[in-house]
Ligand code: BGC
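Below you'll find only one chain, the form predicted alone, shown as structure tokens.
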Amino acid sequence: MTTPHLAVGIDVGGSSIKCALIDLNTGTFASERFSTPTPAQGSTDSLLAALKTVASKVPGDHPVGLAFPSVIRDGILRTAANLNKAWIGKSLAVLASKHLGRPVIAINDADAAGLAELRYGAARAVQGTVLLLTLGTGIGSALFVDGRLVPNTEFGHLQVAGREAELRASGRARVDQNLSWDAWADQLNLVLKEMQGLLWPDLIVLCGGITEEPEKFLDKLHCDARLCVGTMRSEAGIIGAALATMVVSSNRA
């Protein structure tokens, strides 16, 4: 029997922080999932305290992968689209490690989801160009070329017919604009067409909370690329965050 290779995955979303212990051999949960509300516009200290609250529910000293909605370069947060702008310029992994008392690897949240789908899910063994989109508070993106991540893409901010993609087709946009599923699918089709024309992906994978109900929209989408819903859907960020403790560390070695 294979010995579980365990790590904690934490996914910081616009509305909630989700956390679980992950078996990296299989990409499955090795504990129940815990969550707490995200103090999105609160101080950096309040968000770090929320991380500590949720991480403390997973016992042990396992390394922590932290998926965060930000461009992260050299460990430094460069953007904060849906969070307090005070995060910009902070070293997230260093601060979180001090608060949690465990080693921490920080990664863009959509990149984390992409790693999970590439290793365990819908994009496993797919060659060529793979684009993953997370449809939630905004639109996150992860791009892979022949299995290699192109980190920190921000295609959710792409201008589509004069408006940002995420203002048209994120999960929040559907709710805030009271769009029917047909109307929202029309907006997402505009976004997919624009990304198809720029990137020519072989596969587009859709993740995020809204993909828990694919029967309401998937058959309304049209794209020249092969299109599917991610295997792990809204859990991809947690699993990919945990996986980053192994993938990112090995890349640095």
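Values in this document were obtained by computation on a predicted structure and should not be read as measured data. In this text, residue numbers run from 1 along the sequence as written.
Below: the form predicted together with the ligand, not depicted.
- Only one listed stretch (119-127, 70-78, 94-102, 177-185) carries heavy atoms within 4.5 Å of the ligand in the predicted bound form, and that stretch is 70-78.
- At the 4.5 Å threshold, heavy atoms of N82 reach the ligand in the predicted bound form.
- At the 4.5 Å threshold, heavy atoms of L132 stay clear of the ligand in the predicted bound form, well away from it.
- Although the partner is absent here, I139 lies within 4.5 Å of the ligand in the predicted bound form, judged by heavy atoms.
- Interface membership of R163, defined by any non-hydrogen atom within 4.5 Å of the ligand in the predicted bound form, is ruled out.
- Residues N108, D109, A110 are the ones in 95-111 with at least one heavy atom within 4.5 Å of the ligand in the predicted bound form, listed in sequence order.
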